[in-house]
Each structure stands twice: as structure tokens, then as C-alpha cells.
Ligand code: XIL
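In the block that follows, a single chain appears as C-alpha cells, in the form predicted alone.
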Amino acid sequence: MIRDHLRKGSPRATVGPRLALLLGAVSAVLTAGCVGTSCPPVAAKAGVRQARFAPLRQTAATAKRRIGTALMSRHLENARLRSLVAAHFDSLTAENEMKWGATEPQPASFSFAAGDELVAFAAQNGMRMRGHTLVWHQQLADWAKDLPADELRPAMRRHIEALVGRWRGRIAQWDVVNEAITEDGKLRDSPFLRLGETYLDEAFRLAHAADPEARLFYNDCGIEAGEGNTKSDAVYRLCARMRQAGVPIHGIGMQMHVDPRHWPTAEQIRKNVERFAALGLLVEFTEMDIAVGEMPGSLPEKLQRQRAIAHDIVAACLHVDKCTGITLWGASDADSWLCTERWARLRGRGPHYPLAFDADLDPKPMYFGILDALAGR
């Protein structure tokens, strides 16, 4: 999930009074770092709480967009986090608990409890549910990794039919195939490639048969830059071919794991969204986070830069009617994959503070950047 295009600054990154309050409050923690598997709080503490501000989902609804987050079922044990998610987000993605290794750890032996809990929470709080992901070379059950084609094909069929059938009518969107294209624009040499180069077509057709009402997405990282980027162009050609062949693919998921050291301009992102939309596809930003560790400057300056990038990404979505939603990959910094020792190194030196709410579930400048973009400011 490493980017290779430079993202330039935004001329609209001005500091309003409420943001100035936030920035001033974080100035005392310039040297704060990740502790264990979480990041310390960095947002305002002087009586400023997230409940005082307009919920993101309310503003997103006015803009006719979805604003989402990804969760593990264990996060629902935190009552304050549950309340925050229900208040601010109207779309929910299963972070890890609908992946193959979690749902079918042994052949034809399925585990649905965690997914059921997330689906129920989404329904109780008027949230759209996104399923993630049916076919992926990572987090694949060990037993499936070395299957020959004549055994893997029926296993893939059984897996897709079981998951999509389980939540038929309750999951609005599925990331059917995830990260099937390499950085050099070729189909990844994954176990599924043993089924032939059209295994993606098979997966989408199986998912569509299991739930004809669900919108089906191809999801990938590093494809945001658009025309001229090898991987993005390859994914575009893949989607165009599938559409022409009558494969039931309805959307493209651009993950938006931002590495500010190598990131496209907002204009490049917008034009890329437009070209996928021109294929007749919906576009969603499915896994957005913005790492700040390698940004230059003090922590308040990094958080302001993060705010500007978030604002411009959301604004790019609002420029295109077929861009229907933005999902943040986690609810707070404390829960982000980029605040773990294993994954933080992908973005260089941390801490990265990649999400809109800090470890105390208070809003950061990034929150206001998203809010302002959704409001058209």
C-alpha cells in the first residue's frame, strides 16, 4: 500500500478559530510517540468534545454521500466508541472478520459470529454495511493456499456462496476481489491465478448470483493517481474489459491509504475518479487514512497538513456524482493498523496519527477537514 506519486499542498488550507484551538492544544505534545499498539491523544482537551460539532453522517447525507468506518467486533465492547461510530458514520466495513481466514478457517467450517455482530450493529444504527473481502491472496486460510485448481475452484464457489448468502439483503456492497494487480500492472501471482486470468469474472458472477441486489466492487491500493500510473491504468483496463464482457461489476474501490511522501494531486485524483465513473462504475474511497510521521514540521503543522489532504480527497469525491462514499480505515488513532509496530514502518518513522479522531475519541483537525469538504467549504 505504498504510493509513488507526490501530493501537493492545498491553497485552501486556512486555519479557522475552532481549528486554531485544536492546533494550540496539541502544541504541548510535539514529541509524543506511539505507546504499545496505540497512539496517545493529540486533540483539544480544553472542554472541547466531539459531541459539540455536527455529526459527519448528517453533513454527508446532505451532500448525498456515505461516510464510513471499519471496525472489528471487539471495538463494539467500548460503549463510548459505539456511540461515536453511531453518531458520525452511516457506513460500516468489516475490517478483518469477513476475510477468508476468519470466516472459513477449516474447509466448509464457517465462523459467522463476528460478522453477524457487525451486521446487527449496522442495522440497529441505520448504517449501510460493506463486506470485505471475498477473494484476496492475504489473510487466506492456510488450507486454501496450496489447493490445485480443480479443488480451489469449488472451494471459491462454496466460500462466496456461503458468505454472500449468509448476509443476503443485509450487505449493500461487497469488495469481491481485493488487490489482484501488482505495481507493475500485471495480475498478481496468487493462488487464485491457478484458476486462469478470468477468475475475477467467476468470483463476481458467483457473488451476483448469491445476492443480485448487492453492489459488487473491485478494491485496490495505489490506484488513485490515474492515467499514466502503471497500476492504475492496468486496473482501469481490467474494469473496462469486465464491463464489456458483461461481468456484474458495479464499482471500484480506491483504498486511499495516504503516504504523503508519494501522493497525487487532488486534481489527478478527481480526473481518475471521472474516468472510472465514465465506465459506468460507482467509485468509493474504501480505506482512507493519512499518515503524518514523515511529514516535515511540528506536530500541529503535520495535523494541519493532514487536514488539508483529507479535505481535498473528500472534495474530489464530491465533484463526481458516481463517487458515492468515503470510508476511514478505523474509528480512532488508537485502533489504526498504522499505530502498530509491524505496519507503521510502511510509512516510515512514526507516530502516524492517521485518523480523524484521536486515542481519546476527540476530533482532530482532519475531522474538520472532512466536515468542511462535505459541507462544500
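Residue positions are given as counts along the sequence shown, with the first one as 1. What you are looking at is a predicted structure, and each value in this text was computed from that prediction instead of being measured.
Absent from the display: the form predicted together with this ligand. The rest refers to it.
Undergrad: Does any part of Gln255 reach within 4.5 Å of this ligand in the model of the complex? Heavy atoms only, please.
TA: Yes, contact at 4.5 Å.
Undergrad: Check whether Gln304 has any heavy atom within 4.5 Å of a heavy atom of this ligand in the model of the complex, and answer yes or no.
TA: Heavy-atom contact with this ligand at 4.5 Å: absent for Gln304.
Undergrad: Is there a heavy atom of Ser298 lying 4.5 Å or less from a heavy atom of this ligand in the model of the complex?
TA: The answer is no: Ser298 has no heavy atom within 4.5 Å of this ligand.
Undergrad: Taking heavy atoms only, is Asn96 within 4.5 angstroms of this ligand in the model of the complex?
TA: So Asn96 counts as contacting this ligand.
Undergrad: Quick one: which of 134-142, 263-271, 153-161, 117-125 gets within 4.5 Å of this ligand in the model of the complex, going by heavy atoms?
TA: Heavy atoms within 4.5 Å of this ligand in the model of the complex occur in 134-142.
Undergrad: In the model of the complex, which of the listed residues (Glu224, Asp211, Glu179, Asp259) lies with a heavy atom within 4.5 Å of this ligand?
TA: Exactly one listed residue reaches within 4.5 Å, namely Glu179.
Undergrad: Here the chain is shown alone; which of Leu279, Met72, Val247, Leu187 has a heavy atom within 4.5 Å of this ligand in the model of the complex?
TA: Flagged contact: Met72.
Undergrad: Can you tell me which bits of 315-339 touch this ligand in the model of the complex, meaning any heavy atom within 4.5 Å?
TA: Read in sequence order, the residues that approach this ligand (within 4.5 Å, in the model of the complex) are Trp329, Trp337.
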